[in-house]
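Taken one at a time, structure 1 and structure 2 that follow are two forms of one protein chain, written as structure tokens.
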Structure 1
């Protein structure tokens, strides 16, 4: 039987077109699935336990804060949040571990001021604090306070300011190590008072505070979370809160601005970060969980007992944390440079 040639050519052409159309459709579906897959996963997030990195030693104020937020957020997200204490190099080791992790929302970083200062501390930092992380939001606001051994000669804040200005070479200033919160607080205090005290570095706040209580050193400028209990127990005395206002945890201690000292305003805040590239819907869920946690009355109560404040819901956002980090990198990095601290 003969087949009409024009008809055969039409069938062949149609078959070729149908095959190409099918291939194009399959390609389009594959691309569509690839584009929507992360969002679909994000909508189901989280499906397994989350790790929250605390890049400092266990048992300190930062560890307590991290575990408090891990517990609050896991109730909201419905998955366990495990705390990983990978300490060392002012938080740089743990931070690098998070920066290298998969950007899926299952590995997070809770860190304070060292995230801003490590760029000035280390020449070959294994990550960039801005470029390698996605900010989720701020969590706490930790005021700083100037404390001294009980036998320190000044009776009040005005006498303290006058004494250290008149006797800088006689005053020893303890801190928890170069780049630590207490070191930065001490540098800012000396800068605004225009004095150079005898700096005594320690390996951590604990040993510095122990020697302060024992009378081996004169002054320490540190977070309220570590100093308030010792002040209330009468083991050391407080002279001033950094900033313009008195602290709820130390209502009888004046703000340093009351002595006419301006520019001494330092606050150590913890913020939550995820690796760069974490899907936006996942970040939004984590931010929402953080916001609900900072608004939780029990969380706020427990932080207040430590002398620390939970931030407002408005501050627990990526934009607020991003702005805070930028400001700290400029301000505190400048303090370290002025003090002659060089990157290792």
Structure 2
């Protein structure tokens, strides 16, 4: 049976059918090329495992903290979080890898002060610490401690200071690369003691600690998350907390200030970033998972045992991390530039 419909209506019906067909074709094409709308992704995020970059060698303080947060956040997000230890150039190689990765929330960067200092250290840095990243939030804050191989010839802090001042050329100082936390702490120590020690760079203080235990290197200034267990089990010895006050995790270790050394106080904070362009709804989900992790009593307890503090929920935000990075770039980056420290 033919139904008599005016021509204009037929054209209107046909053109709207054609438009729908075109839209359906475009959507199919976009889906096949993975170009679905990022916000649509956000509603399903995460759909697959996430990579969290820790750009220093496995086994160091940064790696310990990263694995703790990866474990906590994966439970919240419902997808596995795999830690990638692409190390070298004081975190710059791994950071560049994240900066170049797809901004979809599946590649993150956990890093500390070297995100601020690397710009002053490397003239050809392959990324910009602010322009190429989206801050998700701060995670931890923790002190540093000066440790040595057990046979180092000084029985206490005063003897350590005296020996280092009298024999600088005989003392090797390990660190994780120019601009790393352990390098900054070593620089501050050499500056306040007015000595130049033999610097031995590693891809992280995990491997440095192994050499310290084996007696291949003399001294290391490292974060407590990398050193407290080894001090407590007698594999290395601690001379001083790198600050004004003793550490609850090492109550018998004096603060460097007790040897009359002033102006030496360093604290290391880790923060989580995503590549620039990661969709806002995805970033918000990642910030929420980070906030739940810093508030998790089990996470806080395990960090406290390493002498590290989880930040407050209010600090686990993009704005707080952005402000922290800006401050470190201006202060520590400036300090290194003034000291004429350069990596290349």
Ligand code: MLT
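Take the two forms, find the largest set of C-alpha atoms that superpose within 1.5 Å, and that set is the rigid core. Positions refer to the first chain, counted from 1. Given the structure is predicted, the values throughout are model-derived calculations rather than measurements.
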* Which structure would you label as the form predicted together with the named molecule, 1 or 2? -> 2
* Are residue 233 and residue 163 part of one rigid piece when the chain shifts between structures 1 and 2? -> yes
* Across the change between structures 1 and 2, how many whole degrees of rotation does the smaller rigid part show against the larger? -> 26
* Asked: Where the rigid core has been superposed, how far does the Cα of residue 217 end up moving between structures 1 and 2, given in Å?
  -> 10.0
* Asked: How much does the C-alpha of residue 183 move between structures 1 and 2, in Å, given a rigid core overlay?
  -> 3.5
